Each structure stands twice: as C-alpha cells, then as structure tokens.
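This document opens with one chain alone, in structure tokens, the form predicted on its own.
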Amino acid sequence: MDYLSIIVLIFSPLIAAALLFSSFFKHNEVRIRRFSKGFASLHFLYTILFLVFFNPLKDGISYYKEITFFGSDWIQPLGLKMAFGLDGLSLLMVILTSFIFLLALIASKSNIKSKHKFYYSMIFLLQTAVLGVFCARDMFLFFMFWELELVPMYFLIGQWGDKKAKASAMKFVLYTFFGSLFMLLGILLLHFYNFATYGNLTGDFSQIAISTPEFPMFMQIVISILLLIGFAVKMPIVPLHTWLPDAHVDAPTPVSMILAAILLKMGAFGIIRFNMQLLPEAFKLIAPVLVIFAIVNIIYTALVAYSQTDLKKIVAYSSISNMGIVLLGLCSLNLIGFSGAVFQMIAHGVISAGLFMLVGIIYIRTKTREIIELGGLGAVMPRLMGFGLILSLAAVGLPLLVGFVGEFLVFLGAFNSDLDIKIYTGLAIFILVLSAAYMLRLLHKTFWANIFEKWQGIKDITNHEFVVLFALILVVGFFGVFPMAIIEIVQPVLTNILQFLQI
C-alpha cells in the first residue's frame, strides 16, 4: 500500500525520542510514560498493517525505499545506498521488535524511577537502530545501524542497572565493538573483491552475486569467518558469550527483555543475511564446524544454567543454550532446519522476554534473585505463579506451546541433514532434559517450597505487569497451536536461500 512507508516505520521512534526533550513534557513522569506507551502502541499497530498488506515482489522484497540526497545515492562513488526493504524474515523480526519494545515500555513503570526523559529517548533510539538492522538492504547501512545500537544500550545498562552496571555496560560495548571490527573488515573485503571480480561497485545485498570459479574460495571462507566472528559475539556463541550473563544480571528488567528477545537475534539474522545469502558456498564448507559450536552452546550453557542460583543468570544461560539450537538449525542446510531456526528465534524472543519479566517482578518485591532465599511465593502470588508455569513449560518445549515447534523442526532438520551430525544432534537432544531440570528447579524453589515468613506480605502482580505477561502468554499459546502462521511468511525466503546453497 502506498500509504505504508518503511521510512516512517524505521525513523518514527527517533522522532519520538526527540519529542521527549521538548518543553511539553518537562519532567512530568506520568506524561512521559503515557506518551511513550501510546506511541509504541501506534507503532506496533503500524507494523501489523505491513503484515496485512505484505506482498513480496522481486527477490521477495516488499516496501522497498531508497533515500537519495539531491538525486544522488548515499555515497555514490562507492556504490552505497541508503536503501531499505522487507522480506518475510525482516517483516517477522520487525513485528517482534515493535511488540517487545511496547511491552518493555509498559514494564518500565515499575522498574525505572529516575531520568525518565533520557531513559525513554534511549529506548526509542535503540528501536530505530534495531529496525534499521532488520530493514537495511545495503551492507554498510546494516553496519551503521549495528553500531548505532551500542550507544543507547550502553546508557540503558549503565545508568539504570544494578550493582556493577557500568562495568557490565562497558563489557557489552567492548565485546560487541571487538566483533564489529572483524565484521567491518569482512564487509570491506567483500565489497572490494566483488568489485575486483565482477566490476560491480556496490553494497546492495541484491547486487552482490558470488560465483566460486571467479571469486576465490579461500577468500570467500576468510570473509565468511570474519563476518561470523562479529555475529557470534552478538548471538552469542561460546566462547564469545561471557558478556551476556553480566549484562543481563545488571540491566533493568525492560532492557533485559529487549536484549534477550531482540538483540541476540541480530546475530542469527546477520548469519542468514550475509553468510548464507551472500557467501553460500563458503557457508556450506564452514557449517560442519559451526555444528560443533552449536552443540557446545546447547550442552555447556545448559550445564552452567543448572548450576546457577541467581534467577537472572539461569534465564541468561538458557538464552545462550537456545541460540545454540538456532545455530544448529541454520547449519542443517535443509528447509526443515531453516524453518525451525527462524521459528525458534521468534519463540525464544517471546519466552525469554516473559521469563525476564517474571524475574524482574520477583526482584522488585523481594530485592533478591537467589533461589535459596526465595520459596513459597505461589501462596501469595498465584497469578504470577500461573504465568511462570506456562512460560517455563514453553521454555522446555511442551507440545502446543510455542517453544516446542522450533526445537522439533531444528532437530528433525538436523537428523535429516546431509552432514554427518546425527550423533551430535542425539547428544544435544539428550542434554535438553537438563533444560527441563533447571526450569522446574526454578519453579519449585521459587513458588512451591515452604514460604519464608518475610514474604507473607508481598503483593501479586499489578495491572500493567498482568498486561505484559498476558500478552506474551497469548503469543506463546497461539503460535504453539498455529505455527504455520509464522512459517508461511518466512518460507519463501528460506527456499530462496536453499537455491543459493544449491541444495
């Protein structure tokens, strides 16, 4: 539809961030919160319109728009364009982003008590950066938004976090910046060698075509590895994961929701967009090695999660384990595994946001996240216990909940892969029993053990907390029963990737 603008979709949160500093809001906390939630609600409804009228055109791209400057491209001498577009994968990630940001803003009421203008403006700046990553159709534009995300995240963790917040924020920035240097080098090499080989000076994804006989395979592999390092930090992949538990533990609850549900998916999205679509032959060669990393992610972090006593660390390490499942699906090199990986990205985004919200509610009331200090909270917080039970069952992959579909498709795809990974996959499935163990342990120690006397007077969830958890539960249940609603949108993109991989 002509009245749907991808430019408005991406940059309207940036305008909202600027408006928050106007004299109209002053330092009125209620007015700032209401404006932020109202704008985020409208933005989410706007993204739904993109889904309703989505009609993929050439190369599966819809709503394509290029910003020109006095009739010229962004950096015309280098062939760089400020071009945006949506395919099925981008659209799903954009909708998930808008949905989670809306819920995070609603959750902020209980968690943010100071510097409201600055906080909400940083949230909207972060939203623009993330949307830019998912919608960019140029490699360097993708990188620009990838780096822009560091600025608001540093302040969101450092200014409103707990305990060692500033150290955790700096660790997050340094790790991501370290990975970004490798990613930038890979992008520059891809840009240069594409021009040297084909005479096409461009950063446009759709105009970069790699052919093995002309483009040296050694260089393809080098570029692919450089890009993978950058994306591996963000997913994260062991051993580049150590920034994540610290960032989660010290970040405020709404930021943890965004970090787990959205930012981790940027790494997997980058692998799909760059490694699989632009360098398919190199990815096929690297995939068997990546399978080992995926299995390590699944097993090692599940074991670490089981040994934790801090609720946030348990959920944080379980997130890393789930991203290992996503990576395994991508390395299966078949449509079943690909579909499972993308579905798992969406499923984990919703479930992890709910679990971090759950932990945040408990921390606000008890001022502790140590399971040995909690117990019996179900007696005084029955509604929270009900939500926690559903989210935990979804996290361990109970059928008819959203967590089951992605895991089932990933492991089915891995068993049907042409790669010799059946033994590794079988081991990973066996270790998934451990995920049930640590999630049920979390539930038992928190809600069903004997209640401590000091928790007798705490209150159950408030209305705005109920709205956040109920919205997430609706998604968990609906897409668990109707998974094809997601798979059908993304399948054309995944089928196109298989054609790139010549499988």
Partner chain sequence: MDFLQNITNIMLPEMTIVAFILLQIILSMFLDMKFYKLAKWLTVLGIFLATSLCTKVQIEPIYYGFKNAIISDNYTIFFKGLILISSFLIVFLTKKTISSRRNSAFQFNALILTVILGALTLVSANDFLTMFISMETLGFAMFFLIAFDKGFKSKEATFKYLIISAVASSIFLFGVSYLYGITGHLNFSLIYEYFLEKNPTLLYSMAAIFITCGLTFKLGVIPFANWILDIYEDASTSVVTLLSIVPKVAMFGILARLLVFPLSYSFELTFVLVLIAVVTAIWANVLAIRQKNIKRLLACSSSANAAYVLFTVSLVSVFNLSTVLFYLVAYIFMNIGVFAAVIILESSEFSNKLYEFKNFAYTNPVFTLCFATCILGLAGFPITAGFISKIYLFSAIARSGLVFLPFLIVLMITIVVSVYYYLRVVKFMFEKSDTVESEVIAYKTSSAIVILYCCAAITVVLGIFPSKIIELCQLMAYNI
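Positions refer to the first chain, counted from 1. Keep in mind that what you see is a predicted model, and the values were worked out from it rather than measured.
Note that the form predicted in complex with the partner chain isn't included here; everything after this is about it.
Not one of Ile15, Tyr64 and Leu311 is positioned with any heavy atom within 4.5 Å of the partner chain in the model of the complex. Contact annotation: Phe69 falls within 4.5 Å of the partner chain in the model of the complex, judged by heavy atom distances. At least one heavy atom of Lys166 is located within 4.5 Å of the partner chain in the model of the complex. When contacts are judged by a 4.5 Å heavy atom cut-off, Ile336 does not count as touching the partner chain in the model of the complex. Taking the partner from elsewhere, His191 is found to have a heavy atom lying within 4.5 Å of the partner chain in the model of the complex. Only one of 378 to 386, 275 to 283, 136 to 144, 362 to 370 lies within 4.5 Å of the partner chain in the model of the complex by heavy atoms, and it is 136 to 144. Only one of Leu303, Leu400, Val433, Ile75 comes within 4.5 Å of the partner chain in the model of the complex through a heavy atom, and that residue is Ile75. For the stretch 171 to 190, the set of residues having any non-hydrogen atom within 4.5 angstroms of the partner chain in the model of the complex comprises Val173, Leu174, Phe177, Phe178, Leu181, Phe182, Leu184, Leu185, Leu188, Leu189, in sequence order.
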